[in-house]
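Presented as structure tokens, the chain that follows is alone, the form predicted alone.
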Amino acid sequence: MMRLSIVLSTHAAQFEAVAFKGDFENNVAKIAGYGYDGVELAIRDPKLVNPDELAQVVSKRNLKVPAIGTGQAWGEEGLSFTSNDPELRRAAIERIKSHIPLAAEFGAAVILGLIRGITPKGQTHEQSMAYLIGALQECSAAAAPHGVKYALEPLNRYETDLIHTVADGLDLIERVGADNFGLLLDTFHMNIEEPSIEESIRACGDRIFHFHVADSNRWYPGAGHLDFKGILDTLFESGYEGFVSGEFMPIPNADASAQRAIDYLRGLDV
């Protein structure tokens, strides 16, 4: 059976496409009650959480943690691999490396979304890419001895100028040159940037380290026009064995969107 998870932020956050935020224990209980198999944790700073308490709450509900999101370090603090401020670049690298122990404990991938940043005014795209590659090589090297993988998410052109498509991501993988560096694919972003979501999944193959679902409007799957049956069949035919994780707007509210998402996805017979 397809293993499903949903994103839960351990703290309040500005990012809108997270159904559940704060009140960790209560939200984990609700997520388990809806029938999810896992919970993807969005953690701005590992220093803000107690790993033992997180593990206890999650294991009590028989849930897994397939991935840890890091985007709030950009959204709340402005940390970025590609900043023109060397102190911010260094802080971003150290923050991402600080997720390694918790990721190793959970057996989770570490997600790299907007922590890559956006090319600042006056800086060339080439310089941003050089900073990005250097940061990814350093982080991947630090994580490899612990068995931790990093998954970079191609994001649509309206959010960043860096890495929009699977093709961009595969090129980046080649340039980084680390076996524990791969991609997180997200159907919302793919619907904007990929000519064919299915063909892009096939092209990515075994470098898909995690997978996000949201419909074309960034609502829960089933609320837009994406062909999730075709997408998910292709995903699993490619050999993917990980979780399918919901990252979507809490519309009409967190609980309803989570319930509708899992009901729809379970009904696809994937």
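Numbers follow the displayed sequence, beginning with 1. Keep in mind that this is a model prediction, so the values were computed, not measured.
The discussion below concerns the form predicted in complex with a small molecule, not included here.
Proximity to the small molecule in the predicted bound form, taken as heavy atoms within 4.5 Å, picks out 183-191 from the listed stretches 143-151, 101-109, 118-126, 183-191. Though the partner is left out of this view, K30 does not reach within 4.5 Å of the small molecule in the predicted bound form, counting heavy atoms only. Residue contact with the small molecule in the predicted bound form: I93 places no heavy atom within 4.5 Å of it.
By the criterion of a heavy atom within 4.5 Å, R44 is excluded from the residues contacting the small molecule in the predicted bound form. For the chain shown alone, L155 is a contact residue for the small molecule in the predicted bound form, at least one non-hydrogen atom being within 4.5 angstroms. When the small molecule is considered in the predicted bound form, only one residue from D171, E138, E159, E76 comes within 4.5 Å through any heavy atom, namely E159. In terms of contact with the small molecule in the predicted bound form, the residue from I197, V166, V176, L114 that brings a heavy atom within 4.5 Å is L114.
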